[in-house]
Every structure is written in C-alpha cells, then in structure tokens.
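Provided below as structure tokens are two forms of one protein chain, presented individually as structure 1 and structure 2.
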Structure 1
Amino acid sequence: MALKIAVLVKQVVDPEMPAAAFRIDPGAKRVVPPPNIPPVVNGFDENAVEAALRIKDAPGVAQGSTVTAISMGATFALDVMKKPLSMGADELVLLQDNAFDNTADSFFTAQVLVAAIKKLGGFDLIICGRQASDWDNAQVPLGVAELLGLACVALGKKVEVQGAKIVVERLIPDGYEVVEASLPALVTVSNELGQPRYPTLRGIMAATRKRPTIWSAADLGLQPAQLQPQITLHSLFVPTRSKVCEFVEGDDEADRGRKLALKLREAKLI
C-alpha cells in the first residue's frame, strides 16, 4: 500500500539574523519582519521533511508513496516555502489568508491545519518538527493529533514504517526508547534525526515548475467561530536586564564577610 505522508512546516523569521535587526511592534504585539532578511523554513520542520523523504525512499515502501508539505500563514515567501519541494516533497499546500495571521495561538493553528488535512483526504502518517523557532510552544502537533484522534509520538530521532505501524526511536533524557504505534499516527522529530538533505539542482528546477495549492479560510469551510483566537496576548516585548554592583566595605575580610552575610539575609537569599 502506498503511503500518504504529510509534513507540517512553518515559515519563520530567520533565527540567525543579527540581534540588532530584531524588532517588536508593541502596539500590534507582533515581531516586525526585518527588511532585507528573508524568512526561512523552521529548522525542525526541515528535519521533519527529511524524515518523511527517508521513509518514502526506504526499501519496502510501496511505489507511489507521496509527501505533502502543508503550511499556514497570512503571507508567504514562495521561494522559501518551495524548499520542501526542492528537497523532494511531491506537493505543497499553503493555507493563506489574512485571518491566519495569529500563529501564536496553537489551538487556532491546529484547527486550520486539521481542516486542510481532512480536505486532502487524510494521511497515513503526519510528521512535524518538535517546535517552531519563533514561539517555541511545541503545542501544534499535539493539538493536531488530538483533533484527529491520532496516536502522537514526540521527539523522534528515527522513524520507520513497518507494515501497518511506525517504529520510533524517541528521545529521553538519558538516551532513547523504542515506541510503536499503529497507522495513521503523528510523529514529531528533533535535530537528532540528522542533517536535512540539501536540495539538488534537479530538485530546485523541478520545484520552480510546481505550483502550490493555495487555500483560504473560505476554501477550508471554516466557520467564524473557528477563526476566533483562544488566547489573549497581553504584552510582547524584548526583556531588559540591569545589573547593580555593590562593594561591601569593612575593616578586614572577616568584617566584610559578616556584612555581606547580613545583606544576603536581609534580601532573604540565605
């Protein structure tokens, strides 16, 4: 049986950009995209694409298996979002609508992605990155699995399909454990999976010829209630740090040590 594999990917602000270029609009409570620095595909999501392509290319996997990359956002840099295609994915589906600008709301994002997955007829396996480099919530994959009623295996460093089940080497603090789940299922992967493949020239040329499927909220049949945020962001700001250095004076080292201890006790630090 040919496998239908979906990979959920996200366009993010380049985490490698200079700190001086990072700006926040406090009124709109959002990060301002830096000029002249293009966005990128979330790094962990590239690992997810790599995991999907390894499964597709593995011996024993039926011919005709496909990998579909799905992403949600208000706007996209098409050259950036075609990277999964240039790596070897078969199809790219972009969920693009001004109503999809609230990517900080994990439940909202999960609802939109699930609507697209159902419209595409479902998948045997959904692979996600462990988290996104912008909000670092690591909640969307769990929400998608819950809404679809799928088993979810998190933090995989190796994913294999064996018949009608997946076998995942799942990271734990002191090593890894082997977990099995019946298909369909959802897996999140981490960078321990290994370096994602570089797009080949043939892959890049093939990606330029492919047109992504673009769906709006209306195309997905989402109701107004489903487009309402479930969380309220009260403030977004860059943390500031200040340091105050106080020199403790005394007659000698013992006296200075005693006075330091008294100050620490007054501050309830000891």
Structure 2
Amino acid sequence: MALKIAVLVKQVVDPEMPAAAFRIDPGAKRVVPPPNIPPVVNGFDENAVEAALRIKDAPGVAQGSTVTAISMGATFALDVMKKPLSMGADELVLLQDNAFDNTADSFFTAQVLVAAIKKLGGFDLIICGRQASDWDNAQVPLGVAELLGLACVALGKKVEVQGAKIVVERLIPDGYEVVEASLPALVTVSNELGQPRYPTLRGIMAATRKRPTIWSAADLGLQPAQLQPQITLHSLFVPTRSKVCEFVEGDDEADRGRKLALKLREAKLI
C-alpha cells in the first residue's frame, strides 16, 4: 500500500547563528533576522523529511509512497523552502498569508495546518520535527494529531511502516521504547534519526522545475473568528548574564591545568 505521507516543515531563523548576531526588536517583540544569515528549514523537520523518504525508498509495503511537504508562514525564502523537494519530496504546499505571521501560538498554527491537511484529502502518515528551533514549543504536532483525532507518537529515532501500522523507536531518557500504532498516525522525530540526506544535483534540478502550491487563509476557507490567538506575548528580551569568568593563568597549558585543580580544591569544589 503506497502511502500518502505529509511532512510539516517550518522556516526558522538559523539557530546556529553566532550569539553576537542574535538581536531583538523589543518594540515589535520579535527577533530581527540577521542580514547576512538566511533562514533555514527547521533542523528536526529535515530529519522528518529524511524519515519520510526512507519509508518511500524502503523495499516493501510502502514503496512508491508520495511525500508532501507543508509549511505555514507569512513570507518564505523559496530557495530555502525548496530543500525538501531537492531532497526528494514530491510536492511542496506553502500556506502563505500575512495573517500567518505567527511563531508563538501553536494552537493557531495547528489549526491552519489542519485546514490544509483536510483540503489535501488527509494523509496516512504525518511526520513532524520534535520542535521548531525558534520558540521550541514542541506543541504543533500534538495539536495536529489532537485536532485530527490521530494516534500520535513523539520523539522517534526510527520510523518504519509494517502493513497498516507504524513502528517507532521512541526516545526515552535512558534508551528507547518501541511503539506501534495503526495508520493513520502522526509521528515526531528527533536528530537521533540520523543525518538528513544531502540533495543530489538531480534532486536540485528537479526541485527548480517544481512549483509549490500556495494557499492563503481565504483559500483554506479560514475565517478570522477561527484564528483567534490563544497566546498573548507581553515582552521578549535577551536575558542579562551577570557571571564573570576568572581565567586561570599559568606558564603553559599544563601549568594552567594544575592551577585549575588547586583553585577548585581551594573553593572546596573537589
């Protein structure tokens, strides 16, 4: 049974930008995107694309599945958001509207994504990242599952389809558990899934030719009343750090290492 698989991908500011490049506009209560650092596809969502492609590629029941990447946002860097396509996804659906300018409110985001999922006729399997690296909410997938009434398994490090069910190795603090659920289902994945594949030249060429489907709030039939925010953001600020580091001096590195031990002894830390 070839599956219809959806992967939910979010565009985020690059979380690995140098700390010095991180700025906030306190009036607008938002992060100022650094001028020379383009946004990225949320890292865990690349893992999610990888998980979907592994299912599609694996010999067996789900071979020939289709993978649709879906993203909601106010504006997109199209070359960035085409990455799932260049990795091998079949389709890209961008939910783009000024009304979708929302990073904080998971309830809102889940409702919009669910409207698109329904418009696309539903999916057998929805794969998401464990959390988006902007607000680290880790909520949207749980919300999508809840609103669609789907089985939900979070924190996968391996996702396989066996017949009409998924089998997920799910991370727990000291190992993992193997969890099964019948399809349709939703799974979130973590970086422990392994490195997402690099786009091949062929993949990049194919992605250039593909046009994303772009839908606005109106296309999704969403009324303003359905899009009431559930979260109010009062302020956003960079925490001040008051710590002062004492650099241990010495003749050479070994000497500094020795002196560090003596200092920690003096401070009764060892």
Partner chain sequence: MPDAKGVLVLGEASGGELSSGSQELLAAARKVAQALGEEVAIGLLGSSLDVPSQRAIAFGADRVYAVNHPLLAQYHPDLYLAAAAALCKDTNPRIVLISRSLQGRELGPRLAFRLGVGLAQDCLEVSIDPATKRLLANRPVYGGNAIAVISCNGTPNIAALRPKAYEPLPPDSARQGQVVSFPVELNAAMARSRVVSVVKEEAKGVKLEEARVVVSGGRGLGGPEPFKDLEVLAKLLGGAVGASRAAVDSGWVPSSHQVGLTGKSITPDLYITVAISGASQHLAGCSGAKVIVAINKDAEANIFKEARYGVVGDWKKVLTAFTETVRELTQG
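Quick note, the numbers are simply positions in structure 1, starting from 1. Nothing here was measured: the structure is a model prediction, and the numbers come from that model. Think of the rigid core as the biggest set of C-alphas that the two forms share within 1.5 Å after superposition.
K.L.:
Pick out the form predicted in complex with its partner chain: structure 1 or structure 2.
P.N.:
Note: form predicted in complex with its partner chain is structure 2; the other is not.
K.L.:
Identify whether E192 and E91 share a rigid part, assuming the chain moves as two rigid bodies between structures 1 and 2.
P.N.:
Yes, since E192 and E91 both fall within one rigid part of the motion between structures 1 and 2.
K.L.:
Need one number: degrees of rotation of the smaller rigid part relative to the larger between structures 1 and 2.
P.N.:
That works out to a rotation of 70 degrees.
K.L.:
With both forms put on the same core, how far apart in Å are the CA positions of L264 between structures 1 and 2?
P.N.:
After core superposition, the C-alpha of L264 moves 19.3 Å between structures 1 and 2.
K.L.:
So, with the core fitted, how far does G64 move at its Cα between structures 1 and 2, in angstrom?
P.N.:
Reported C-alpha shift between structures 1 and 2: 3.9 Å at G64.
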